[in-house]
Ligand SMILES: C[S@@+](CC[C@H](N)C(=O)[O-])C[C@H]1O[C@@H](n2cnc3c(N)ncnc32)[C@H](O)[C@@H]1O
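Shown below, as structure tokens, is a lone chain in the form predicted on its own; questions about how it binds or moves come after it.
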């Protein structure tokens, strides 16, 4: 498995995860509420989601390709297990498109938070998520998404210039929700959220939070 190494971005991301706005922290809690059983989290980053997993989750396999972020996630997993010994968290190397053998399913849920914007192959990643899920299992997503109007123009402009190179491959103008539908998932819950006021020219502000199910 090829390890991803973005040393500058990983430092920026680590700082950002330690200073997340309250609304983002609440969204993480909403994302993971009600989960149970075995969970696959792809693009775990520094382990920001770990503290939000309910005690009904028995095991989390957390995939993270960036070496520096994975080290932080492993420390977060150890800290979480010390407080919640009923939930085992295993942090492994891998990518969404090419899940490692450690991430063999079936899982009750696949969690992707702020990751589909940066994968090289969105359809391939979602196909991997579907294969990893048991029939009826859930895809939980919290993602940057494309919008229209003037802010959509800003997204397209930054994606075509500096943004992906500066932020670990992130693309702000991806129609991720349509991709989830096209991958054969059935949306159960969905809401559009904003990470910044609607008037602010922040390309990563439009976001989507929801649950989609793999059909039985």
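Positions refer to the first chain, counted from 1. The structure presented is a predicted model; accordingly, all values stated were derived computationally and were not measured.
Another form, the form predicted in complex with this ligand, is not on view; read the next lines as being about it.
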Contact label in the model of the complex: residue 92 to this ligand, heavy atom within 4.5 Å: no
Even though this ligand is not shown here, does residue 115 get within 4.5 Å of it in the model of the complex, heavy atoms only? yes
Can you work out whether residue 97 and this ligand are in contact in the model of the complex, taking contact to mean some heavy atom pair no more than 4.5 Å apart? yes
Closest heavy atom of residue 28 to this ligand in the model of the complex, within 4.5 Å or not? yes
Looking in the model of the complex, is this ligand within 4.5 angstroms of a heavy atom from every one of 139, 141 and 172? no
Looking at 145 to 153, 66 to 74, 51 to 59, 181 to 189, which lies within 4.5 angstroms of this ligand in the model of the complex, counting heavy atoms? 66 to 74
